[in-house]
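First, one chain by itself in structure tokens, the form predicted on its own.
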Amino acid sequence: MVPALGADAMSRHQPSDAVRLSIAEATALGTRALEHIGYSSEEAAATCAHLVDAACCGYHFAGLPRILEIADDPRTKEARQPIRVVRETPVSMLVDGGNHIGYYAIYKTALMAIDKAKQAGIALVGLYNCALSGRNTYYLELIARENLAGMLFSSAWPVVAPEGGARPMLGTNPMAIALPTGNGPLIFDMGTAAIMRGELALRSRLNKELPEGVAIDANGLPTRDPHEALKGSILPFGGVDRHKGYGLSLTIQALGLLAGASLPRGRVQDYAQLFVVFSPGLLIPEDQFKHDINELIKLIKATPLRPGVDEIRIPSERAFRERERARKEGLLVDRKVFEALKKMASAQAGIQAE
């Protein structure tokens, strides 16, 4: 996988082409911009909370710059209907997202999945008819902090070519797993593409070249030009083992069909989310599970280190550390993005750059 653009360095240094905002300032700016393009205060607040948290965790491309992509997305201008459950059993739900933005619809569905799992011990929940989902970690952290285990599979609109193909046929299709430990969630979250669509869009906006081997142009030829990549395709992750990323991506696209991806428009290559949420106590006593998983983490972190390595990190450990520092130091936002958001939010007062 390609590291997120500026994931570690952005919060430590302030380049001349960036501005620093406090968490409150970033939240206010993002919320006003989202309201300006037609989202309700509830939708805007839920979406911006997700974006700011992504930025705090070091995922620069998944933060406030996403608002510019949201504004350009055709679905933003389409009518929205109430989120509703269209099919339900004691252990499952199928949810119509009403064409709401994914950041809001998936958040609401995650809360429904938590309630269902607490009542029945397990919940299988599908969500369709929404787009732009953000980081799966955000939703699974909500689940794990309720002492539940969770998995989330997200299918999407095609931007990724299958292995050997020259046209986009798959989404970036992330998957994530979260487990409660008693000392904060253990969360593994990965996309099945060599680079996420949001980072590609940001690099295009900022005219930043792509790494080698992550995209092809419209003729199926390798490219590092983000503008050409947007006309072509992203590749699955995996390098010489790219077939593994392709296989995971295809499988997740198929799971999206189980979650209702084709229902609103009849397209099998569309957005959907599939949650699997359950109580660890269904299998072994919850206290024993938390003890055992903490012991496993201790053993992993105590592994002898290779030369030049300072520590072994657990998935999401870096992001949680970044979040704590960002809450104190604030966030860096590319100046071009900042100015565009200020304009979108009608340049209201109260947001000042250092």
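Numbers for residues come from their place in the sequence shown, where the first is 1. Computed from a prediction, not measured in an experiment: that's the story for all the values here.
The form predicted in complex with another copy of the chain is left out here; the points below concern that form.
- Here the chain stands by itself, but in the model of the complex one stretch of 292-300, 29-37, 42-50, 65-73, 292-300, has heavy atoms within 4.5 Å of another copy of the chain.
- Of the residues Leu282, Val85, Leu111, Leu206, just one reaches another copy of the chain in the model of the complex with a heavy atom at 4.5 Å or closer; this is Leu282.
- With the partner omitted here, the residue from Ala201, Val159, Ala144, Leu274 that has a non-hydrogen atom within 4.5 angstroms of another copy of the chain in the model of the complex is Leu274.
- Interface membership of Arg318, defined by any non-hydrogen atom within 4.5 Å of another copy of the chain in the model of the complex, is ruled out.
- In the model of the complex, another copy of the chain lies within 4.5 Å of some heavy atom of Arg306.
- Contact between Ile177 and another copy of the chain in the model of the complex is found at the 4.5 Å heavy atom cutoff.
- Although the partner is absent here, Asp241 lies within 4.5 Å of another copy of the chain in the model of the complex, judged by heavy atoms.
- Each of Leu94, Leu250 and Leu258 is positioned with at least one heavy atom within 4.5 Å of another copy of the chain in the model of the complex.
- Contacts between stretch 157-190 and another copy of the chain, counted in the model of the complex as any heavy atom lying within 4.5 Å, involve Pro162, Glu163, Gly164, Gly165, Ala166, Arg167, Met169, Leu170, Met175, Ile177, Leu179, Leu186, Phe188, Met190, listed in sequence order.
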